[in-house]
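Before any questions on how it binds or moves, here is one chain, the form predicted on its own, in structure tokens.
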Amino acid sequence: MVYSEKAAKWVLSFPLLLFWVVMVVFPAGYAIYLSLHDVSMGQGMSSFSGFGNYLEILGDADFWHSIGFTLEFALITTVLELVFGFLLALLFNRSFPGKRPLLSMVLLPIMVAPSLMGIMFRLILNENNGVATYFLSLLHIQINLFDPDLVVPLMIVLDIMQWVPFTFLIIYSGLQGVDPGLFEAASVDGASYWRTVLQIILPVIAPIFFIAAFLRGIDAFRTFDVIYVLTNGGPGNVTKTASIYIYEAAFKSGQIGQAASASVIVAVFLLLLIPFFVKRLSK
């Protein structure tokens, strides 16, 4: 009986283990293997280079710039998306006319593929014949939104537009599980609405906030498609994320080994963040 139960556990878990090995363990192991060899697009596998690729990447100022920009971008967008998502969740946590159609409109941006979103805004914001440029010209405003001083705020705004619905959905689902009696009890005690939200409701749904922050932060850190389509990492390297750096190292420069080592460094950095979020969620 005990043997059959153990066998059943392995049989039932085998598909998940197989998926994990094929989709996680093997790619990660192969990336580490490539990072330790001198591999280029044209010449294929070369000699064992040890940590040579890692030293090359760690000594590249362009790599550190991409890491710095990615951290800045991920931190700002995640914080703002949590704030706006929370405010939207509070708004939709009450009944009002037209709630259902408005909810559908709010969720619309996350239904659009990021690359398609990038192409769409590339056409809208085009400095020569874009719709936004045309309306700004009617107001006698001559501005290039892809200027180095404006392009980073522009990328942040576009990311917020697309991903606030994501944080909203997570936080809204958490608010749905909060007892409405908490608001009523706080109101009887004379607490204002915002005091109730900040001192009672927010601590209750804090784990939901950390889940949203973790998922959105990781996704923002690996942002690639929207920024690549819109700016190609430019002007210069102003908007070059870590993902774009790795892509260019592999498919433009052809340095597969260096690209693999950069991806391993980024993966290790992200893995170091996981214990912090797990600790916060377990409280």
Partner chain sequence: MKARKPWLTTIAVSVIAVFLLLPLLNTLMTSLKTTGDINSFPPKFTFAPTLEHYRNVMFAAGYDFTSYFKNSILLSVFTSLFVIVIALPSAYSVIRLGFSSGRLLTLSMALRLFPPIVFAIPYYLMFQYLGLLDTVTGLILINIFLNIPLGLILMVGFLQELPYEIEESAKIDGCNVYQILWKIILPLMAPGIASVAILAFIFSWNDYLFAVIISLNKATPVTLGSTMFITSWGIKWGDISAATVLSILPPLLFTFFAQRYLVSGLSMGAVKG
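Treat the numbers as computed from the prediction; the structure is a model and nothing was measured. Just so we're on the same page, rigid core means the largest C-alpha set that superposes within 1.5 Å between forms. Positions refer to the first chain, counted from 1.
FYI, the form predicted together with its partner chain isn't displayed, but the following is about it.
- Using a 4.5 angstroms threshold between heavy atoms, residue 115 counts as touching its partner chain in the predicted complex.
- Its partner chain in the predicted complex is approached by residue 222, whose closest heavy atom lies within 4.5 angstroms of it.
- Using a 4.5 angstroms limit between non-hydrogen atoms, residue 27 touches its partner chain in the predicted complex.
- With a 4.5 Å cutoff on heavy atoms, residue 196 does not count as touching its partner chain in the predicted complex; it lies far away.
- Every residue of the trio 92, 178 and 246 has some heavy atom no more than 4.5 Å from its partner chain in the predicted complex.
- Residues from 82-106 that approach its partner chain in the predicted complex with a non-hydrogen atom closer than or equal to 4.5 Å are 88, 91, 92, 93, 94, 95, 96, 97, 100, 102, 103, 104, 105, 106, in the order they occur in the chain.
- Remark: with the core as the superposition reference, the CA shift of residue 11 between this form and the one not shown reaches 2 Å or more.
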